[in-house]
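Read the single chain below, which is given as structure tokens and is the form predicted alone.
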């Protein structure tokens, strides 16, 4: 008899066991430990035990699903109107699909009880409440194609693809910033500022990135010190350590509105990539919506290649 219940304080080691045995794909942190779950999940200020639902078979935990929410528009609080089930993990079991379906159903019930009007499947740059550094790489990429068992669970519940997210990587070995007239002009007229462990700009940024090594590159005017744009990177731990590489993940890049389409993003990222490469970073990863053609074109110019896709699901 399968029992579905909410999280209990003695569950972390059992959930780590489920993570190790479930088919989550190569972009899931392994080996999982309860201390990693504590750092990236349970310690978050908005963690709610009712949102982490657990499947038990004869006193053995055989699966779990985690429901969560994203931020308000001003990123100062949680927005309960849009909820997502970030993960559904089930160990090999004769009733594996039945367990996954029951977990997802219970997760949806929790989200609705908290006010969700929209139900998603998977995390994203907007919905990175938990598991940054444990699943997906530089950010949360929905549900990766390499996590086929998990994708199938959402599809059985009637979820449909809402967004395809590209995972892009580039080796930094031998990388040099491009040299052309536009880039030289930007270099002459701007200043590049590097900030390690910058002050978090919003409550949401603090909640989701506290505990990770963050570095921000800012490009400013040389005369009035006006901010033109910024890009933030982190070291992708502990995943990068498990992969055996020195990696940097680009989590956001923004150019001020009136300054867009002037080559600033290309210059800023190229300079940051060169600087990180000089410090021993060998791999750069970023994610982008497959429909964001401007971002995909920019990353292509910088030599990034798509290595996988993920899907952010939505239930009609």
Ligand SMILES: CC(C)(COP(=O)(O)OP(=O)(O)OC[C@H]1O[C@@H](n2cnc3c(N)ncnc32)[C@H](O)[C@@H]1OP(=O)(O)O)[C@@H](O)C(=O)NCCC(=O)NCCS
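None of the values given here were measured: they were computed from a predicted structure. Positions refer to the first chain, counted from 1.
Although it is not shown, the form predicted in complex with the named molecule is what the next lines describe.
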**OP:** Report yes if all three of 192, 199 and 215 come within 4.5 Å of the named molecule in the predicted complex by some heavy atom, otherwise no.
**Re:** no
**OP:** Note which of 37, 28, 253, 56 lies within 4.5 Å of the named molecule in the predicted complex, where distance is taken over heavy atoms; exactly one does.
**Re:** 253
**OP:** Have a look at 51, 277, 70, 263 for me and say which one sits with a heavy atom within 4.5 Å of the named molecule in the predicted complex.
**Re:** 263
**OP:** Tell me, yes or no, whether residue 298 is in contact with the named molecule in the predicted complex, where a contact means a heavy atom of each within 4.5 Å.
**Re:** yes
Original post:
Which one of these stretches, 29 to 37, 59 to 67, 42 to 50, 287 to 295, sits within 4.5 Å of the named molecule in the predicted complex when only heavy atoms are counted?
Top reply: 287 to 295
